[in-house]
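Form predicted on its own, single chain, as structure tokens, below.
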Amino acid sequence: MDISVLPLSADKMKAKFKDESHLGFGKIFTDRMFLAEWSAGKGWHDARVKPYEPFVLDPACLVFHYAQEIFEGLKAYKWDDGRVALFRPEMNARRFQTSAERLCMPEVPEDLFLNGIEKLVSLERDWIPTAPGTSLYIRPAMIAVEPVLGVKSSDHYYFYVIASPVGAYYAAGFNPVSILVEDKYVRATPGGTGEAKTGGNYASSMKAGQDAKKKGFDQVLWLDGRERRYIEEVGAMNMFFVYGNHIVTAPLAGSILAGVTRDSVLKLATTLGCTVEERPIDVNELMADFKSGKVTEAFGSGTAAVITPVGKLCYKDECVSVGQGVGRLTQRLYDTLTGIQTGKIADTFDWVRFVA
């Protein structure tokens, strides 16, 4: 599909950031956005890059009432040689298709997904920050825009992409976070929408997250919805537990997100001399392993923060500390992944896709 580029007038252009050390995360947006539409009987049409501006939507649009909405997150990096790199965007495209199928939305062809992102990033390359730890965060999303009050799949959708220059996801940067294991609320169960990247999953997690922050924790770690016994994921991260040179993580069983960074960690760890295992993790056994010293490190993985070390884990009335500061393997995984993403380390996995 051809992608047209609409003119950007001077009054639509924004002042670019001057200090890359104070970007924050997801608060600044570039001048342009990508938009394509799907209509019943017509399919995908009118793909264009246009000035970034609000949508004008009917109050009865299905997205507002029945939550037909999905999204993705990935990053663009500007290398020292001037090239712009995306990290494994094909995985985001395929996960977007999986989410669309679960929410009864039209599939966005992989080439439309990738070409739309590349066209936008190419035009907005001057917005990509270059300071260590910074990148251009890319948010593809699809929403149902048919105005009708009735539970049904929409006859009209917007697929759009916006971009935001960002710094560290956590204000404290690459430092250990504290996590509370949630044993009251449930985020997802097999057969639900837990493995889809849809806004409803995050909305349902906010209450537990707010309660945890009031107690001084950074994040919530969810247990399975059936037995409230097995570790699943943190709200914005998949979780890993390190036993010396052995890494354990929860399996993809339909209720947690198939993270792109998760998959990258599993593949990369084996090249660093580690063994990896995907298996159910009983929270009581995990706490015992922490106390006995069997668990030597713990970390989360996700596009936003890449790798996040865990310093404290609390379950019910018991808390355990994890090592002293950032663990050796956690640091090595972070350095290697970010090195591949930014061109400092050779990409032997063929994970990087360059933007023309």
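Throughout, we count residues from 1 along the sequence that is shown. All figures in this text were calculated on a predicted structure; none of them were measured in a lab.
The same protein also exists as the form predicted together with 2-OXO-4-methylpentanoic acid; that form is not shown, yet it is the one meant from here on.
Listed residues Gly73, Gly225, Gly200, Pro280 were compared with 2-OXO-4-methylpentanoic acid in the model of the complex; Gly73 is the one with a heavy atom within 4.5 Å. When 2-OXO-4-methylpentanoic acid is considered in the model of the complex, only one residue from Lys207, Arg139, Arg102, Arg94 comes within 4.5 Å through any heavy atom, namely Arg139.
Of the heavy atoms in Tyr230, none are within 4.5 Å of 2-OXO-4-methylpentanoic acid in the model of the complex.
2-OXO-4-methylpentanoic acid is not drawn, but in the model of the complex it has a heavy atom within 4.5 Å of Ala304. Put simply, Phe25 is close to 2-OXO-4-methylpentanoic acid in the model of the complex: some heavy atom of it is within 4.5 Å. In the model of the complex, 2-OXO-4-methylpentanoic acid lies within 4.5 Å of some heavy atom of Ala236. The candidate stretches are 311 to 319, 65 to 73, 325 to 333, 30 to 38, and the one lying within 4.5 Å of 2-OXO-4-methylpentanoic acid in the model of the complex by heavy atoms is 65 to 73.
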